[in-house]
Ligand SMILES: Cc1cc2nc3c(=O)[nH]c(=O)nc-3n(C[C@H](O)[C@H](O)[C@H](O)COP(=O)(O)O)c2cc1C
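Given next, in structure tokens, is a single chain: the form predicted alone.
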Amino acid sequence: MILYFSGTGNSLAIARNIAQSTNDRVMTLTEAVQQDLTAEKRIGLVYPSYDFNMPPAVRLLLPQLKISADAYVFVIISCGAQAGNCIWTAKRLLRKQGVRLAYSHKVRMPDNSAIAFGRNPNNQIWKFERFAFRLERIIADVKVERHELHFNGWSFLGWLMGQTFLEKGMIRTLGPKVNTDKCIGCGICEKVCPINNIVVNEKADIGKHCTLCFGCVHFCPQQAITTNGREALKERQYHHPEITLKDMLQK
């Protein structure tokens, strides 16, 4: 079973590629916490790096998983550059459940948070070709259930960015906000939000539990959701080329 958390499809694409090669199923992490997965012999966790650590939502969901201590558990991070404390944090949380992390790695992908700083994530598609070898290696390792941890170190910056006051500050600064003049209440943002933090009546209303996945920003057809005070220009909206809006809606 490959469990994933994804805002714009990077982690979902990785999860699908692994699952297709290992004959596993994929499932959102949000759905997985409601299941008894103790019969699964292999569990993969695929999620992104946000600010040098795992997304706050993943940190809350991971301890709720019901998995066997005997399962082969691996973690794969999608990231713009640095994995930070993503894998170290997962290892620590799993250990508290009596589960040993057997394998870890990362795959560099376009950074969807670039849109919050006026940059275009689509200018980073060169990463797909350059780091394709990494995913091939990961798949080969997972197939034989190799035990090997990569990028699992602890860093001060990763620890610092994981502090509550900084996380809340980042969410206040970068957190998506709805431009009610442009919002048409189509409901797409509500459906793509991986933590059900958005409710749409006549207009979209973003709740207080945002985890900064930016899925709503990138998939809004009206470019009606801003981040860091910036409009989401259509040419800067990004999703993984293998993942469609339909894929995200089937979470």
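None of the values given here were measured: they were computed from a predicted structure. Residue numbers here begin at 1 and follow the sequence given.
Omitted from view is the form predicted together with the named molecule, to which the following refers.
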Location of the named molecule contact in the predicted complex, chosen stretch of 71-79, 133-141, 146-154, 87-95 [non-hydrogen atom, 4.5 Å]: 71-79
Even though the named molecule is not shown here, does Ser113 get within 4.5 Å of it in the predicted complex, heavy atoms only? yes
In the predicted complex, does Cys213 come within 4.5 Å of the named molecule, counting heavy atoms only? yes
Does the 4.5 Å heavy atom contact test between Glu40 and the named molecule in the predicted complex come out positive? no
Would you mind checking 42-65 for residues with a heavy atom within 4.5 Å of the named molecule in the predicted complex? Pro48, Ser49, Tyr50, Asp51, Phe52
